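Single chain ahead, by itself, as structure tokens, in the form predicted alone.
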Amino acid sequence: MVDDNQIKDIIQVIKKVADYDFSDYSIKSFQRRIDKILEDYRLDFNGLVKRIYSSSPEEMEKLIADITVNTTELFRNPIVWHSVKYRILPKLKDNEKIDIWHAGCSTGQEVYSMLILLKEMGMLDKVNVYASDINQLAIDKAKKGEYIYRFNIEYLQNFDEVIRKNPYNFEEYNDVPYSRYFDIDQELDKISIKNEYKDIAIFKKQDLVKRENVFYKKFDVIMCRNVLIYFNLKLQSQILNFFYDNLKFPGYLVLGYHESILGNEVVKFHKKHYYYTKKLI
């Protein structure tokens, strides 16, 4: 196990070599990722430092993918998606155009969940969907829209909970076939998003630490789920301020199921159910 000083050294080496700044990530979370990398790569601390210095750009992206957490799924935490479906999107339905940003989109399942929901609600033609992530490998996989079936089959239950069922009316059931949105090949162990949905979202690489709006617009909805938990309180505060500045009014911020706004930023948002709305201050 690497100690705190070694973690700080690794962070500085990565920053020097590749311009990724992990200084304000949660030390404990970062340490767990590095310990796993050392085990997987069969390296010690000095060996990892040497590897970072000698890495090609492609190898560095692989290392960044291993450091950052790319866990996501279709319609993760259906109860959160119920808030999106029944409380957020209906309030935007009369807008001429709607802009939605998925910050920290990982491999894209959440983005496609949104596209599916928008299609089912008859809103897809008026929505611009944007997505960003720190890691180019994750973005490339998101654009491809192909996933391992055995890892995602259980998440089709989430699809059922959000798309087929109505938690406010148990008698309602919408028999939406999976084949409307997915091509499933069990022999090849692959589930793929239908081609007509792969080119709708605009994906870009973005490091939230730098707080640069790579899309040059403000948003009606920002989805940033299970990202802030990997930052320390200082960086969380900076990112929340960045989100506040880039939300329209009224604007909606959706965080992870176990995430919440703490500190001075509390006064900038109203919490409602499983989402936040922007205050005018």
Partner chain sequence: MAKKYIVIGGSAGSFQTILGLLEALPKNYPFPIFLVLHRLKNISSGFVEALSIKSKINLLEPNDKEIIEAGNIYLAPANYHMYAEFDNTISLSTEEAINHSRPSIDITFYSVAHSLREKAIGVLLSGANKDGAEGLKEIKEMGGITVVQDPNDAQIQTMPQAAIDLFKVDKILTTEEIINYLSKLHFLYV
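Since this is a predicted model, take the numbers as computed values, not measurements. Residue numbers count along the first chain shown, from 1.
Omitted here: the form predicted together with its partner chain. The next part is about that form.
Asks: Though its partner chain is not shown, can you say which of Ile229, Val214, Ile52, Leu38 has a heavy atom within 4.5 Å of it in the predicted bound form?
Replies: Contact with its partner chain in the predicted bound form is made by Ile229 alone.
Asks: Would you point out which of 244-252, 24-32, 54-62, 41-49 contains residues with a non-hydrogen atom within 4.5 Å of its partner chain in the predicted bound form?
Replies: Selected stretch: 24-32.
Asks: Identify whether its partner chain in the predicted bound form is within 4.5 Å of every residue in the set Asp4, Glu154 and Gly256, based on non-hydrogen atoms.
Replies: Answer is yes for this spot.
Asks: State yes or no: in the predicted bound form, is some non-hydrogen atom of Leu262 no more than 4.5 angstroms from a non-hydrogen atom of its partner chain?
Replies: It does: once its partner chain is placed as it appears in the predicted bound form, Leu262 has a heavy atom within 4.5 Å of it.
Asks: Check Lys198 for me: does it contact its partner chain in the predicted bound form (non-hydrogen atoms, 4.5 angstroms)?
Replies: Output for Lys198 is no: heavy atoms all beyond 4.5 Å of its partner chain.
Asks: If you check in the predicted bound form, is Arg76 within 4.5 Å of its partner chain, heavy atoms only?
Replies: Yes - in the predicted bound form, heavy atoms of Arg76 and its partner chain come within 4.5 Å of each other.
Asks: Should Thr71 be counted as a contact of its partner chain in the predicted bound form, where contact means heavy atoms within 4.5 Å?
Replies: Close contact exists here: in the predicted bound form, Thr71 approaches its partner chain to within 4.5 Å, heavy atoms only.
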